[in-house]
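Below you'll find only one chain, the form predicted on its own, shown as C-alpha coordinates.
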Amino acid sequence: MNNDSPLKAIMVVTVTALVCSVLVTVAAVTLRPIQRAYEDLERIRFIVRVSGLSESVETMSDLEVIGAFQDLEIRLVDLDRGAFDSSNNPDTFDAREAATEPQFRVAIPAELDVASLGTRSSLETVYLLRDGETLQRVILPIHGQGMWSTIYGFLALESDLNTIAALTISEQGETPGIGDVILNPEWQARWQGRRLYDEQRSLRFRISREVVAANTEDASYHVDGLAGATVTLNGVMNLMRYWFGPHGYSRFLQNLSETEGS
(Lines give C-alpha, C1' and ligand atoms only; values in the text may rest on other atoms or scores of the structure.)
Protein backbone atom coordinates (compact mmCIF):
# COMPACT_ATOMS: atom_id res chain seq x y z
CA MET A 1 0.00 0.00 0.00
CA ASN A 2 1.28 3.46 -0.92
CA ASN A 3 2.70 5.36 2.05
CA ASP A 4 0.82 8.44 0.89
CA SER A 5 -2.50 6.60 0.82
CA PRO A 6 -5.19 8.14 3.09
CA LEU A 7 -6.41 4.60 3.83
CA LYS A 8 -3.03 3.61 5.23
CA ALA A 9 -2.97 6.68 7.45
CA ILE A 10 -6.41 5.81 8.79
CA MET A 11 -5.32 2.20 9.43
CA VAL A 12 -2.20 3.33 11.32
CA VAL A 13 -4.19 5.74 13.50
CA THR A 14 -6.83 3.07 14.19
CA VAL A 15 -4.29 0.40 15.14
CA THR A 16 -2.39 2.86 17.34
CA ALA A 17 -5.59 3.87 19.10
CA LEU A 18 -6.54 0.23 19.68
CA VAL A 19 -3.11 -0.65 21.07
CA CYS A 20 -3.14 2.39 23.38
CA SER A 21 -6.64 1.61 24.63
CA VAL A 22 -5.65 -1.98 25.40
CA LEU A 23 -2.53 -0.82 27.26
CA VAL A 24 -4.54 1.71 29.30
CA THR A 25 -7.16 -0.91 30.16
CA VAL A 26 -4.54 -3.47 31.21
CA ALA A 27 -2.75 -0.86 33.33
CA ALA A 28 -5.98 0.22 35.00
CA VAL A 29 -7.01 -3.37 35.80
CA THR A 30 -3.52 -4.24 37.04
CA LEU A 31 -3.03 -1.16 39.18
CA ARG A 32 -6.53 -0.99 40.67
CA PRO A 33 -5.86 -3.55 43.45
CA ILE A 34 -2.67 -1.67 44.37
CA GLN A 35 -4.54 1.63 44.43
CA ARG A 36 -7.33 0.10 46.52
CA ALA A 37 -4.80 -1.33 49.00
CA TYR A 38 -3.18 2.10 49.34
CA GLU A 39 -6.57 3.74 49.91
CA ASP A 40 -7.43 1.14 52.57
CA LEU A 41 -4.12 1.72 54.34
CA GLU A 42 -4.68 5.49 54.37
CA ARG A 43 -8.17 4.98 55.80
CA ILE A 44 -6.74 2.70 58.49
CA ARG A 45 -4.17 5.36 59.41
CA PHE A 46 -6.93 7.91 59.98
CA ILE A 47 -8.86 5.46 62.14
CA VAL A 48 -5.83 4.56 64.24
CA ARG A 49 -5.06 8.29 64.62
CA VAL A 50 -8.30 8.86 66.57
CA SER A 51 -8.33 5.47 68.31
CA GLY A 52 -6.03 6.47 71.17
CA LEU A 53 -3.80 3.48 70.42
CA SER A 54 -0.86 5.68 69.46
CA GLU A 55 0.12 9.30 69.98
CA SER A 56 2.17 9.52 66.78
CA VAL A 57 0.67 7.59 63.89
CA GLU A 58 2.81 9.57 61.43
CA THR A 59 5.97 7.84 62.69
CA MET A 60 4.47 4.34 62.60
CA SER A 61 5.32 1.91 59.83
CA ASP A 62 2.56 0.42 57.71
CA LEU A 63 2.84 -2.87 59.60
CA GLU A 64 2.61 -1.09 62.96
CA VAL A 65 -0.51 0.78 61.82
CA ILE A 66 -2.13 -2.45 60.64
CA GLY A 67 -1.17 -4.15 63.92
CA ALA A 68 -2.80 -1.35 65.93
CA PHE A 69 -5.89 -1.46 63.74
CA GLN A 70 -6.30 -5.15 64.51
CA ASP A 71 -6.85 -4.23 68.16
CA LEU A 72 -10.15 -2.60 67.16
CA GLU A 73 -13.47 -4.41 66.99
CA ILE A 74 -15.13 -3.76 63.63
CA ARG A 75 -18.93 -3.81 63.59
CA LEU A 76 -21.75 -2.84 61.25
CA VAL A 77 -24.57 -0.71 62.59
CA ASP A 78 -28.12 -0.65 61.25
CA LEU A 79 -28.81 3.06 61.65
CA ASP A 80 -32.59 2.77 61.46
CA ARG A 81 -32.70 0.20 64.26
CA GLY A 82 -29.80 1.70 66.18
CA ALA A 83 -28.37 -1.77 66.63
CA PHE A 84 -25.50 -3.92 65.41
CA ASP A 85 -26.03 -5.84 62.18
CA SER A 86 -24.71 -9.39 61.88
CA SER A 87 -26.02 -10.29 58.42
CA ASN A 88 -23.17 -8.64 56.49
CA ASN A 89 -19.39 -8.84 56.72
CA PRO A 90 -17.94 -5.66 58.29
CA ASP A 91 -14.48 -6.46 56.89
CA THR A 92 -15.66 -6.14 53.30
CA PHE A 93 -18.70 -3.85 53.53
CA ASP A 94 -18.25 -0.43 51.88
CA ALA A 95 -20.89 2.05 53.05
CA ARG A 96 -19.96 4.55 50.37
CA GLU A 97 -20.67 2.05 47.59
CA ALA A 98 -23.68 0.65 49.45
CA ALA A 99 -25.32 4.09 49.39
CA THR A 100 -25.78 3.60 45.63
CA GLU A 101 -27.12 0.03 45.81
CA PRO A 102 -30.90 -0.53 45.98
CA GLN A 103 -30.76 -3.00 48.87
CA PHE A 104 -28.84 -0.60 51.11
CA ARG A 105 -29.65 2.87 49.78
CA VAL A 106 -31.78 5.02 52.08
CA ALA A 107 -33.26 8.31 50.88
CA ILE A 108 -32.77 11.01 53.49
CA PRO A 109 -35.91 13.11 54.09
CA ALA A 110 -35.39 16.66 52.87
CA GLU A 111 -36.14 18.17 56.27
CA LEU A 112 -33.40 16.03 57.85
CA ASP A 113 -30.82 16.28 55.08
CA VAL A 114 -28.88 19.18 56.58
CA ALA A 115 -25.60 17.64 55.34
CA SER A 116 -26.89 17.63 51.71
CA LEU A 117 -26.22 13.93 51.20
CA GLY A 118 -29.39 12.89 49.42
CA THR A 119 -28.92 9.23 50.33
CA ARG A 120 -26.92 7.15 52.77
CA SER A 121 -26.30 3.47 53.37
CA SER A 122 -28.61 1.74 55.82
CA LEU A 123 -25.48 0.29 57.43
CA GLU A 124 -22.33 2.02 58.65
CA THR A 125 -19.03 0.53 59.79
CA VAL A 126 -17.97 1.54 63.29
CA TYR A 127 -14.87 0.69 65.31
CA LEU A 128 -14.79 -0.15 68.99
CA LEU A 129 -11.79 -0.07 71.29
CA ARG A 130 -12.12 -2.29 74.35
CA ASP A 131 -10.03 -3.10 77.36
CA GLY A 132 -11.17 -6.64 77.94
CA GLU A 133 -14.96 -6.34 77.95
CA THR A 134 -14.95 -2.65 78.85
CA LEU A 135 -15.64 -0.18 76.07
CA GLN A 136 -12.97 2.53 75.90
CA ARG A 137 -13.76 4.38 72.70
CA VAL A 138 -16.02 4.21 69.65
CA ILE A 139 -14.98 5.58 66.25
CA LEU A 140 -17.67 6.74 63.84
CA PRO A 141 -17.32 7.69 60.16
CA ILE A 142 -18.96 10.99 59.22
CA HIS A 143 -19.37 12.90 55.97
CA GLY A 144 -21.27 15.80 54.46
CA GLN A 145 -21.14 18.53 51.85
CA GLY A 146 -18.69 21.39 52.30
CA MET A 147 -18.34 24.37 49.97
CA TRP A 148 -16.80 22.52 47.02
CA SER A 149 -16.54 18.90 48.09
CA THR A 150 -17.84 16.11 50.25
CA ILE A 151 -15.94 16.17 53.53
CA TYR A 152 -15.14 12.78 55.08
CA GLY A 153 -13.79 12.15 58.54
CA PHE A 154 -13.83 10.06 61.71
CA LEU A 155 -15.04 11.15 65.14
CA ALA A 156 -14.03 9.19 68.23
CA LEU A 157 -16.11 9.25 71.41
CA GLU A 158 -15.03 8.37 74.92
CA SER A 159 -16.65 5.51 76.82
CA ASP A 160 -19.54 7.74 77.92
CA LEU A 161 -20.49 7.93 74.21
CA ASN A 162 -20.99 11.67 74.54
CA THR A 163 -17.54 13.22 75.03
CA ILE A 164 -15.46 13.78 71.90
CA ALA A 165 -12.06 12.09 72.13
CA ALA A 166 -10.69 13.09 68.73
CA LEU A 167 -11.57 14.25 65.24
CA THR A 168 -9.75 13.72 61.96
CA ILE A 169 -10.68 14.80 58.44
CA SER A 170 -9.70 12.08 55.98
CA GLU A 171 -10.90 13.56 52.66
CA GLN A 172 -11.81 17.03 51.48
CA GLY A 173 -11.48 19.26 48.44
CA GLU A 174 -12.07 22.67 49.96
CA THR A 175 -10.37 25.91 48.91
CA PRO A 176 -6.61 25.72 49.61
CA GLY A 177 -5.59 28.10 52.37
CA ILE A 178 -9.20 28.83 53.31
CA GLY A 179 -11.60 25.91 53.64
CA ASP A 180 -8.85 23.33 54.02
CA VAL A 181 -7.88 24.87 57.37
CA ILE A 182 -10.17 22.21 58.83
CA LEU A 183 -7.11 19.96 58.42
CA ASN A 184 -5.24 22.08 60.97
CA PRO A 185 -4.23 19.74 63.85
CA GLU A 186 -4.53 22.57 66.38
CA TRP A 187 -8.14 23.21 65.38
CA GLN A 188 -8.99 19.51 65.42
CA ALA A 189 -7.46 19.29 68.89
CA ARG A 190 -10.01 21.85 70.12
CA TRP A 191 -12.69 19.20 69.71
CA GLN A 192 -11.23 16.98 72.41
CA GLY A 193 -13.34 17.00 75.57
CA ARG A 194 -16.35 18.69 73.98
CA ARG A 195 -19.72 17.05 74.49
CA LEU A 196 -22.47 16.28 72.00
CA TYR A 197 -25.70 15.96 74.00
CA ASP A 198 -27.13 17.49 77.12
CA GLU A 199 -28.93 15.50 79.83
CA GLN A 200 -32.16 15.54 77.80
CA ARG A 201 -30.32 13.97 74.81
CA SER A 202 -30.65 17.18 72.80
CA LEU A 203 -27.72 17.84 70.47
CA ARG A 204 -25.93 20.88 71.93
CA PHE A 205 -22.62 20.69 70.06
CA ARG A 206 -21.81 23.84 68.06
CA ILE A 207 -19.07 25.35 65.91
CA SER A 208 -19.17 29.13 65.80
CA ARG A 209 -17.03 32.24 65.69
CA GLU A 210 -18.67 33.57 68.82
CA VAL A 211 -16.51 33.63 71.91
CA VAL A 212 -17.88 31.46 74.71
CA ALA A 213 -16.58 32.02 78.22
CA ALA A 214 -14.59 29.01 79.40
CA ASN A 215 -16.33 28.88 82.79
CA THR A 216 -19.85 28.53 81.32
CA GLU A 217 -21.82 25.37 80.62
CA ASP A 218 -22.01 26.20 76.90
CA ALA A 219 -18.22 26.00 76.63
CA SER A 220 -18.30 22.23 77.00
CA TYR A 221 -20.41 21.96 73.82
CA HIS A 222 -18.59 24.62 71.82
CA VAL A 223 -15.69 24.59 69.33
CA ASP A 224 -14.31 27.90 68.11
CA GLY A 225 -14.54 28.44 64.38
CA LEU A 226 -11.84 29.57 61.96
CA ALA A 227 -11.63 32.93 60.22
CA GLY A 228 -12.37 32.90 56.50
CA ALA A 229 -13.78 29.38 56.29
CA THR A 230 -17.41 30.13 57.07
CA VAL A 231 -19.05 27.98 54.37
CA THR A 232 -16.80 24.99 54.99
CA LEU A 233 -17.33 25.23 58.76
CA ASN A 234 -21.08 25.42 58.21
CA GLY A 235 -20.72 22.19 56.23
CA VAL A 236 -18.85 20.53 59.10
CA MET A 237 -21.48 21.73 61.57
CA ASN A 238 -24.26 20.43 59.34
CA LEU A 239 -22.69 17.01 58.98
CA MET A 240 -22.42 16.85 62.76
CA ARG A 241 -26.09 17.80 63.06
CA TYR A 242 -27.04 15.06 60.65
CA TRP A 243 -24.86 12.20 61.89
CA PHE A 244 -25.63 12.80 65.53
CA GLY A 245 -29.29 13.52 64.93
CA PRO A 246 -32.30 11.18 64.68
CA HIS A 247 -31.40 9.91 61.19
CA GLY A 248 -27.77 9.22 62.09
CA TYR A 249 -26.07 7.69 65.13
CA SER A 250 -28.26 9.11 67.89
CA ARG A 251 -30.38 5.99 68.42
CA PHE A 252 -27.37 3.69 68.16
CA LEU A 253 -25.38 5.67 70.73
CA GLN A 254 -28.28 5.72 73.16
CA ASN A 255 -28.82 1.96 72.79
CA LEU A 256 -25.11 1.22 73.08
CA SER A 257 -24.89 3.39 76.19
CA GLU A 258 -27.65 1.35 77.82
CA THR A 259 -26.02 -1.91 76.77
CA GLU A 260 -22.55 -0.92 77.97
CA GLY A 261 -23.92 0.49 81.22
CA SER A 262 -22.37 3.95 80.69
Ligand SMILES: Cc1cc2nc3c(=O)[nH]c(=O)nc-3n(C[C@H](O)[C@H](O)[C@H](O)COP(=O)(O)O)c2cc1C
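It should be emphasised that the depicted structure is a prediction, and the values quoted were computed from it without experimental measurement. All residue numbers are counted from 1 along the displayed sequence.
The form predicted together with this ligand is left out here; the points below concern that form.
- Though this ligand is absent from this view, in the model of the complex it lies within 4.5 Å of a heavy atom of just one residue from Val106, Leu112, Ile74, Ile178, which is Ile178.
- Just one of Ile66, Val212, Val231, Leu203 comes within 4.5 Å of this ligand in the model of the complex, counting any heavy atom, and that one is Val231.
- Of the candidate stretches 220-228, 195-203, 66-74, 47-55, only 220-228 has residues whose heavy atoms lie within 4.5 Å of this ligand in the model of the complex.
- Contact annotation: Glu124 falls outside 4.5 Å of this ligand in the model of the complex, judged by heavy atom distances.
- The closest heavy atom approach of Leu140 to this ligand in the model of the complex falls outside 4.5 Å.
- This ligand is not drawn, but in the model of the complex it has no heavy atom within 4.5 Å of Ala95.
- In the model of the complex, this ligand lies within 4.5 Å of some heavy atom of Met147.
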